[in-house]
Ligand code: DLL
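Coming up is one lone chain in structure tokens, specifically the form predicted alone.
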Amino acid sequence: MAESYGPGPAERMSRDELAALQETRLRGLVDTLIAAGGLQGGRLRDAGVTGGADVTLGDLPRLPVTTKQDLWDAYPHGMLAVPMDDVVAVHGSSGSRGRPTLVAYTRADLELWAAMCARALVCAGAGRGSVVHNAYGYGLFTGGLGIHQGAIALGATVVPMSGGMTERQVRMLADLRPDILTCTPSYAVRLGEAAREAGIELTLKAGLFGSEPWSEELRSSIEDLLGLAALDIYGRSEVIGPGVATECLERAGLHVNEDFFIVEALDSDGTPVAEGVPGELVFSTPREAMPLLRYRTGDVASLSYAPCTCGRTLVRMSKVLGRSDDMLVIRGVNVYPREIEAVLLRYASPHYQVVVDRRAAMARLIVACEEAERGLAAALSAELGLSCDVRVLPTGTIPRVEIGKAVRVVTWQSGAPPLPGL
């Protein structure tokens, strides 16, 4: 029986205590960036900031931002604030938008990251004695190794499965009887279906599923397939990796570990939005190797400062609604892929792909799925304000995810269709 833990003192601080801690961290971050020189230090000097003593937490909105383009321009190690000799690990994104975004870690950074992932596992009810089946990919991607280190820091037993080899994964789920599953939500569906097909009864109690935006409807599908509490975990490798924010078992928003990571939500003009209003998430992170001031993530979510019934007082972010650069504009209508998923999964299986057909001057949206009920096209039109061409394809047509993230949106510019049957 796993020995579980509740929220720690840092997760139950008053807002005044958190603000005082954040101001101290912000001033230390500014001092570090100015001492390191480089792009961020130069921008701070241009803004009239000579040191941390010049700023308060209330000054945050007037300080310069950092973007992914800055990291690309400084590739591979131009944003370092420590000598290369102090770097013990390098991770990064998959490079899905053309090139990887590399981030470096000192030993202290890895310890902080492990502590944040341990917190995330505690949010899922894990503790010493838990068995964590970790099916996130191991490698440059931060998911696998982050959760792995967090489980060890917590004192749990980690099963480092990585992605793929689904039949073997199901065998280990049956034989080792883990209580916690960690992987992408799309792969959770794959594992659940494979276990059901094999007639295997699972012992899972909760799962931490991230690295892809996912809807409440997909949560219901995963919980039905796996018989667990499906929780969202959020992270950006630029901030630290997975463990920046996590849902607890109340499933009422993701607790941001704001005692380390200062979060803002901004509109398209860079102005802070009101509580509860979706905006682009912006993080300031005090990590040693690559500290970032006001990093614009591109992820869109809202923030709530109301305490959670679990006892945590940390600000909660909503599920990621989409990315500012992933918004589809179809015949003048703005649509996020997650909005499509939220409607689609009320009528169809979790296997789908959205095809943006741009072969003609006027783009159209094709929603390809399997085993759909009647009424899907009408529901999409009513919810999105946009007519969609719904195609119900034979079972197995939509690619299943074994490793990495699900490709939910593809563009059809010319040539053969991206899926058979279109």
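Since the structure is predicted, the reported quantities are computational estimates derived from the model, not experimental observations. For every residue, the number given is its place in the sequence shown, counted from 1.
What comes next is about the form predicted in complex with the named molecule, which does not appear here.
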query	finding
Thr313 within 4.5 Å of the named molecule in the model of the complex, heavy atoms	no
Partner contact for Gly253 in the model of the complex: the named molecule, 4.5 angstroms, heavy atom	no
Proximity of Arg408 to the named molecule in the model of the complex, heavy atoms at 4.5 Å	no
Distance check, Gly143 to the named molecule in the model of the complex, heavy atom within 4.5 Å	yes
The named molecule in the model of the complex: contacting segment from 134-142, 186-194, 168-176, 71-79, heavy atom within 4.5 Å	134-142
Contact residue in the model of the complex, from Glu341, Asp109, Asp232, Glu258 (heavy atom within 4.5 Å of the named molecule)	Asp232
Residue among Asp299, Glu217, Asp86, Glu223 with a heavy atom within 4.5 Å of the named molecule in the model of the complex	Asp299
Sequence-ordered list of residues in 224-263 near the named molecule in the model of the complex, where near means a heavy atom within 4.5 Å	Asp232, Ile233, Tyr234, Gly235, Arg236, Ser237, Glu238, Gly241, Pro242
